[in-house]
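Just one chain is shown here, as structure tokens, and it is the form predicted alone.
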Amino acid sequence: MRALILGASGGIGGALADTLRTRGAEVVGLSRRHDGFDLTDEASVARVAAGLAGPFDLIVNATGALQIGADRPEKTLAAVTAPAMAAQFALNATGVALALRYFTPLMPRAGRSVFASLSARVGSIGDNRLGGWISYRAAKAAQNQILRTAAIEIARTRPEAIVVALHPGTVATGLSAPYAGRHPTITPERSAQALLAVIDRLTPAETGSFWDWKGSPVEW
């Protein structure tokens, strides 16, 4: 198996890469730190993708951010600003569309393959009962729609490909640390193992779906 991890220097991305290697997979990891890979910069994405040789049986987008710069997740509408919302969409939504555009051509045309992107349960519209975190929620909801739409298109040329959104759980990383509060967390290693177990069970009939780390479907 050949796997490509976008955001391999992050907590979950690094754990995914390590876990896959212990399984004997050949893993290519991309990150801003080591490769200058930046999902908010289309030229960067195109450049890195052009330098890769496929096919990859598994591509996982493990990038994302809850807080970008000094802009913390909003608690009220009064805290919403256009620049903060645009930054969330650039990384958590538009960036995913760019990843799909430039990296899914590296997936095989025949045989099972998977493109998985880390979304978040708070991106579920149906599951939203608390409000708040407006920009982050909206960007993740947009990501989910992008993945669902891409799944339909990709299935036309790669009928055994699976495109999914995954909720990794509340993982003990730098991203979640300031906001986890009393919520129980799991380690990046536990999340990676669970996510790969979910990926292993998916079939092409489930392309365009949304799953949590425990293997349960998440409503849109």
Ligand SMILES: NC(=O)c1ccc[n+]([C@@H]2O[C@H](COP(=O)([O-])OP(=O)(O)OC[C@H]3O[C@@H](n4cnc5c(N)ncnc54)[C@H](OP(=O)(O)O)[C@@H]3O)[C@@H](O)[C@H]2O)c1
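Everything quoted here is computed from the prediction, not taken from an experiment. One-based numbering along the sequence shown.
Omitted here: the form predicted together with the named molecule. The next part is about that form.
Proximity of Thr19, Val60 and Ala192 to the named molecule in the model of the complex is absent: no residue of the three has a non-hydrogen atom within 4.5 angstroms. Contact with the named molecule in the model of the complex, defined as any heavy atom within 4.5 Å, is confined among 103-111, 70-78, 146-154, 117-125 to 117-125. For Thr187, no non-hydrogen atom is located within 4.5 Å of the named molecule in the model of the complex, even though that partner is not displayed. The closest heavy atom approach of Arg32 to the named molecule in the model of the complex falls within 4.5 Å. Of the heavy atoms in Phe37, some are within 4.5 Å of the named molecule in the model of the complex. None of the heavy atoms of Arg158 is located within 4.5 Å of the named molecule in the model of the complex. For the partner-free chain shown, Tyr136, Lys140 of 136-155 come within 4.5 angstroms of the named molecule in the model of the complex, judged by any non-hydrogen atom.
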